[in-house]
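For this one, two forms of the same chain are given in structure tokens, first as structure 1 and then as structure 2.
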Structure 1
Amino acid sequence: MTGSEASDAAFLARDAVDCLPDSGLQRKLATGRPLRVKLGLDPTAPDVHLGHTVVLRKLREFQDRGHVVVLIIGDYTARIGDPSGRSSIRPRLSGEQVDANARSYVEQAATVLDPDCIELRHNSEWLDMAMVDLFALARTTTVAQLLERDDFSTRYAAHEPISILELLYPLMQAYDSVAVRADVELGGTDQKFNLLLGRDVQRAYGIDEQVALTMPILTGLDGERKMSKSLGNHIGVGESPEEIYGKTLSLPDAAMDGWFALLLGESPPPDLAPRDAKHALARRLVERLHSAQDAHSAAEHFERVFVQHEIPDDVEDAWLDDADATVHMPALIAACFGRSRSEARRLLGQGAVKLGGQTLTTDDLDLPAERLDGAILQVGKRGFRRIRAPR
């Protein structure tokens, strides 16, 4: 073992929460061959957000050192459906949906990864196994072992349902590691149990055990819970520059250090006020996901709309049906912004609706079309439409 493997291992593990077992990565690197670094993807949620990029960036570091990233699409597991806990809503997906989701996921992941060094696999290749083989897999692990997983034990203690299928999930994921002969598996810290179980199962199959590398979980926009699409506190890598910029600025200050560390690998500039540091963060993120040019215009857009309270320069048009009739405002607002008419009425009553800079009230339920034509309708802080009447 040479010093360079030690320093490589130290570099790759520098911002990981766990890299297990101790010096396992160093030993793997010492074999001198390209390592197979595994990440499992859930094709039910095709949108890649900043939280995912923490792990993806780590994968990229492996790629840049000549290792192979093995992405596993969990198409088989997605087709079975996941009954986990309260989210029993999680649907079984059809083959086409899984494929479409997977494609879009990989495409988005390619904003971080080098697409030329990816081995893409589907776990239906090996999980569609005979029952004897499933039994062999099931034999590797005991219920007590599975119940050690934190969320299982918590739910079990709270008398919440845990289906057999759920207990099987970690085993299936572990078997993925057997099938692709993973040297390293990455995940968030919430994956620690599953990654370690992968080692046990690999050992049972007589395969060299993988290294479990876990990355910190990125906090969502609420500053408290982990970033996830279903919680609605995420920034998707495909979102517009303006959205990314604006959402980043809405991040609570307390969460900013974590974002700097996990997304940029540095600390916030010490000489900047929190507000300015956050602007710098927003700018950097837009630069990364779009371009420097986009970052610049997103900052300008933000300044204009949210600091100066001016109208953005690219407002969507909304066309009226009839140039002469009176317009029922609740209906118009409902149609433009996807809300109910009742909700629109309430917003009107709360001073949330402006027409051409003037706040409307519930006295303005019906307005003549000529008053609307060409004017800007603003609903809340962020909803803008330019009203157009047909000629």
Structure 2
Amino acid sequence: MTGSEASDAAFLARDAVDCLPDSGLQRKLATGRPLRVKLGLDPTAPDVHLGHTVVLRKLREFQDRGHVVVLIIGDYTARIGDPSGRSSIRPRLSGEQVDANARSYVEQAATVLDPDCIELRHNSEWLDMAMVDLFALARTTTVAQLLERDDFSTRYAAHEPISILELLYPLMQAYDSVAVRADVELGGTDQKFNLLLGRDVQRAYGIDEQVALTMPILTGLDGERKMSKSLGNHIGVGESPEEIYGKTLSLPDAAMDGWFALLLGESPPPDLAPRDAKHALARRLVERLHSAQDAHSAAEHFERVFVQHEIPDDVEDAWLDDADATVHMPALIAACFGRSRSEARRLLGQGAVKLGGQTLTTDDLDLPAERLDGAILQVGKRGFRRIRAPR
């Protein structure tokens, strides 16, 4: 092994939480061939958020050094649902939902990865196996091993149900590493058990064991919990430049070091105040996910709308139905902004809804259509629609 291999391994593992076994990545690099670097994605949801890009950015570093990124769409395992971090059985998805989510996920992942340098696979290629092959896979692991997982052991101790399918999930994910002969597998720290199990199963099949590389979990916009769409503390990579910019500025100052490190690979500029550093972070994220021009426009939009309190120039129109004489505001808010009606009522109660600059309340649940026609409906700080009535 050379100093070059050691330095490459150190660079690729520099911001990882785990790179196991010790010196394993350096030994893989010493083979002199492009490594096969695996990431498994279970398309249980259609959205990629900034938390996912922590791992995707690491994959891009491997790509940029000539290694092969093997992106596995878990169209088979998604029908089970990864139990990592779960306290109950996940709902089962339909095949149509899984396929639609997978298409969306790959498109969004391509905002970080080089799409021309991805080996895209679906684990339905090999997991639709004969029973004799499933039995052989099941023999590689004991129930005691599986129950070592924190989520399983906690549920088992609490006498909560654990389905046989869930116990099979880590084995199926591990067999993915066998099928594609992975040299390295990436995941968040919550995937450490699965990645190490992949090594065990590869060894059982006589395949050189992969390196398990885990990345830190990005905190969400609340600065405390992991970024998650279900928690409402996320930024989606497919969101508009204005949304990405504005949401980033809501990040608590204490969380900025982690965001700079995990998303940009650097520290906040030491000569900038927290507010200015946050603007710099917002611009860099929009540039990365959209373009420099979009970042400039988003900064101008934020200044105009949130500092000078002006209405944006490009407010989208929302049309009322022909028959509307009276408009139920929770229904309109839900239709215009993708909220639920119950959430719309809550926003009205919080004074977070304005019509023509005037704050609406729960006394304004039903309004005449003529009052809305041509007026600007504002929900929260960043949501604007110009309401139009048919002529």
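Numbers given to residues start at 1 and step along the sequence of structure 1. Because the structure is predicted, anything quoted here is derived from the model rather than measured. Each form is matched to the other, and the largest set of C-alpha atoms that superpose within 1.5 Å is called the rigid core.
Asker: Kindly point out the structure, among the two, that is the form predicted in complex with the RNA.
Answerer: The form predicted in complex with the RNA is the one given as structure 1; the other form is structure 2.
Asker: Is D200 displaced by at least 2 Å at its C-alpha between structure 1 and structure 2 when the rigid core is overlaid?
Answerer: Moves: no, less than 2 Å.
Asker: With a threshold of 2 Å on the C-alpha, tell me if L372 counts as moved between structure 1 and structure 2 once the core is superposed.
Answerer: Result for L372: yes, a 2 Å-plus shift.
Asker: Once the core is aligned, does D99 move its Cα by at least 2 Å between structure 1 and structure 2?
Answerer: Yes: D99 shifts by at least 2 Å between structure 1 and structure 2.
Asker: Following alignment on the rigid core, what Cα displacement (Å) is computed for L355 between structure 1 and structure 2?
Answerer: With the cores aligned, its C-alpha sits 4.4 Å away.
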